[in-house]
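Single chain ahead, by itself, as structure tokens, in the form predicted alone.
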Amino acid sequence: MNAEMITMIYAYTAVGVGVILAAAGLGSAIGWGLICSKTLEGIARQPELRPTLMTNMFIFAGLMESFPFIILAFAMWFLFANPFIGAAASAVKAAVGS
């Protein structure tokens, strides 16, 4: 396994991490928008349920907000403890050995 292969693996991993983080951010933003819009629609239809709907909105918003941080943890794992380097090294070793 030469330096060019390792560089390419890190480059493709960085591009993949960028796409993953962009998708997580976009998904979170869309989720926030849908949660808030549906809560406002519910309050407009039944104003007496406002406390219940706001409580539910904040619970689901917290769950929605945790999603990008979980994705960020996986992205950092791919970036700094790249599992593809070890897999590629063992594949090259197996190909050379047989």
Partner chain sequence: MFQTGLVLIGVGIAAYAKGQHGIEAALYGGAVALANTLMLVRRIERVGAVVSVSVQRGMALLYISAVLRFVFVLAALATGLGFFKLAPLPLIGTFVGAQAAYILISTRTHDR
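Positions refer to the first chain, counted from 1. Bear in mind the structure is a predicted one, so any value in this text is a computation, not a measurement. Here, rigid core means the biggest group of C-alpha atoms that superpose within 1.5 Å across both forms.
Below: the form predicted in complex with its partner chain, not depicted.
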**Asked** Using 4.5 Å between non-hydrogen atoms, is residue 88 touching its partner chain in the predicted bound form?
**Response** no
**Item:** 4.5 Å heavy atom contact, residue 46 to its partner chain in the predicted bound form
**Value:** no
**Message:** Is residue 30 near its partner chain? Define near as a heavy atom within 4.5 Å, in the predicted bound form.
**Reply:** no
**Exercise: residue 11 in contact with its partner chain in the predicted bound form, heavy atom 4.5 Å** = no
**Request:** Answer yes or no: in the predicted bound form, does its partner chain come within 4.5 Å of a heavy atom in every one of 57, 65 and 73?
**Result:** yes
**Asked** Once everything's superposed on the core, is residue 44 shifted 2 Å or more at the Cα between the shown form and the other one?
**Response** no
**Exceeds or equals 2 Å, Cα of residue 67 between the shown form and the other one, core fit** = yes
